[in-house]
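Let's start with one chain on its own, the form predicted on its own, as structure tokens.
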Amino acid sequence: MSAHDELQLVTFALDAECFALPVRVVREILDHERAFRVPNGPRHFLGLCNVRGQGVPVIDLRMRLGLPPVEPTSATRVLVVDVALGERALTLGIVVDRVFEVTAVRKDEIEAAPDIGARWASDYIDGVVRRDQSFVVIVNLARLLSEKEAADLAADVAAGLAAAPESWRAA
């Protein structure tokens, strides 16, 4: 199988379900640390984390997808991702319950998001892959975050950086 026929994915869990992001958007995987809170942000915006001296906005993907929040565990991770939003790129921390692995799937194994005969927000799903007796949902973060939401996060980051420790501000 050639590299053109497969997609490398980082698989992770939210609750009992398995999701994935393409490896190309994942910059690094960090242990969970409590975020520096920024007031008045959306509910799923946890605040800022320090990633090598850069203040990075952190969102709880569970909450963004409408799942109930849970307390972090020793398995909780933050995926630092680069999301292309139109002409700009947004670096973002995504809190997930746990990370499983990096795996390759054949592109012909990827199915479209299921049609359930009703309107539901599935446009953030790039595809679904069958694994054993379960499924892996491939998430498109650019579609999950609207342009307005990205602009709001950028404003929250600017406000948060003004209040963040000096060591977080880029030189």
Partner chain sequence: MRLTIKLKLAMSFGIVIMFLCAIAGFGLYDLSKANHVLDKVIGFNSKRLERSQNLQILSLEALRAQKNLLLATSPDDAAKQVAAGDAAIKEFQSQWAELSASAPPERKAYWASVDEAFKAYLANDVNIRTKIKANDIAGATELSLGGARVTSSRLRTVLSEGSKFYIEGMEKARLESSEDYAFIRMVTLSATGAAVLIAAALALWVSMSVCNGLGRAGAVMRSVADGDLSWRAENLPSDEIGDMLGYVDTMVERLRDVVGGAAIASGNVSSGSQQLSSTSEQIAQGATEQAAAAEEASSAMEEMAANIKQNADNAAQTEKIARQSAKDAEASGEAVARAVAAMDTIAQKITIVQEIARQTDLLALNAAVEAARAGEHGKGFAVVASEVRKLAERSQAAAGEISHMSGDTVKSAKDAGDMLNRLVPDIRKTAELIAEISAACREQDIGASQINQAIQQLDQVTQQNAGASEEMSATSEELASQAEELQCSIAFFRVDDEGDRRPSAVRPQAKRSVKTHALPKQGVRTQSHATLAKKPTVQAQQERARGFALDLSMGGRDEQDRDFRESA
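These figures come from a predicted structure and were not determined experimentally. Numbering follows the first chain given and starts at 1.
This next part talks about the form predicted together with the partner chain, which is not shown.
Asks: Kindly indicate whether 36, 46 and 71 are, all three, within 4.5 angstroms of the partner chain in the predicted complex, using heavy atoms.
Replies: Not one of the three qualifies.
Asks: Against the partner chain in the predicted complex, would residue 29 count as a contact residue? Criterion: heavy atoms within 4.5 Å.
Replies: Yes.
Asks: Decide whether residue 102 counts as a contact residue for the partner chain in the predicted complex under a heavy atom distance cut-off of 4.5 Å.
Replies: Heavy-atom contact with the partner chain at 4.5 Å: present for residue 102.
Asks: Report yes if any heavy atom of residue 10 sits within 4.5 Å of a heavy atom of the partner chain in the predicted complex; otherwise report no.
Replies: Yes, residue 10 is a contact residue.
Asks: Wondering, does residue 23 line up within 4.5 Å of the partner chain in the predicted complex on heavy atoms?
Replies: Looking in the predicted complex, residue contacts with the partner chain include residue 23, since a heavy atom lies within 4.5 Å.
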